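The chain below stands alone and is given as structure tokens, in the form predicted on its own.
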């Protein structure tokens, strides 16, 4: 009898413990990953953020860049960059909970170490499928005056673009409603939304605006090219000859489609078309958007289909508007190397806040 009473007492204690735990956690399951409604921390853990937000909104850009920015800045007045807004955007950019099975984030296909591009010809989506095009690097998109995004410019604004990979059935596989519910369940977001927007309310519009703020904040301005333009360094003979060729050679100069100082323009003098039987690009006109040439030495492979493996192949090959005479190849390569900003690929404020290493 004593043993029976003891067994009953143990069962009551276990039951009470389980009841107490469940009443506190209110846990639900999502594709095998536990999410706790209202109080959850994701399987990634908590994002590691500084007590005071990094500076995203008031970067001291050198004069040769700041003077050019007003004429090509696509930032809308309704979504100016703020430190807290971009901080929230950084967390969202790297949060794999924005994908169907918690395996892919924006940062999975736009890697900081690769200048926010991907070394794979086609990136892998949440279920292992391949993307339709090569991952376009995200540097200096703020300077693309029209604001149109993607290789085919199908998105009119960055605010619209940042939501599309989340909804893509290959890339991240979520509906916007699913994403909003999932993000709302995570414990670390209410405080971040409060700081960014003055309210703990989480919705698709705020997610879009925060992501766009973070992406627009990724600007390169600390390359050798920038040092030269500030009088802090000098070009070598080959680098100088390469710059001269880049800006003056022929009727269709490189600068006509890649305008200094950010080497990007949404109004190219001769829209580029790379022959592709399976992809007609912008408005089916066999042409494609061009990204910034900043950090181009760190973003291979090239073009919308990743079909060009190296800069040498691009300049010496049979690619429309890109091949140059042999004597100019090394000069141009030398100049393009000066556009590399090594700080942006390691700056902690652009890094994965979930990375504990």
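None of these values were measured; they are calculated from a predicted model. Numbering follows the first chain given and starts at 1.
Below: the form predicted together with a small molecule, not depicted.
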Problem set entry | Triplet 56, 86 and 192 all within 4.5 Å of the small molecule in the predicted bound form via a heavy atom | no
Problem set entry | Listed residue that, although the small molecule is not shown, lies within 4.5 Å of it in the predicted bound form (heavy atoms), from 111, 96, 206, 258 | 258
Problem set entry | Candidate from 218, 183, 166, 91 lying within 4.5 Å of the small molecule in the predicted bound form - any heavy atom | 166
Exercise. Pick from 184-192, 226-234, 75-83, 241-249: which stretch has a heavy atom within 4.5 Å of the small molecule in the predicted bound form?
Worked result: 241-249
For this session: Would you please decide whether residue 149 lies within 4.5 angstroms of the small molecule in the predicted bound form, comparing each non-hydrogen atom pair?
Result: yes
Exercise. Within a 4.5 Å heavy atom cut-off, is residue 309 in contact with the small molecule in the predicted bound form?
Worked result: no
For this session: Although the small molecule is absent from this view, report whether residue 154 comes within 4.5 Å of it in the predicted bound form, heavy atoms only.
Result: yes
Exercise. Does the small molecule get within 4.5 angstroms of any non-hydrogen atom of residue 331 in the predicted bound form?
Worked result: no
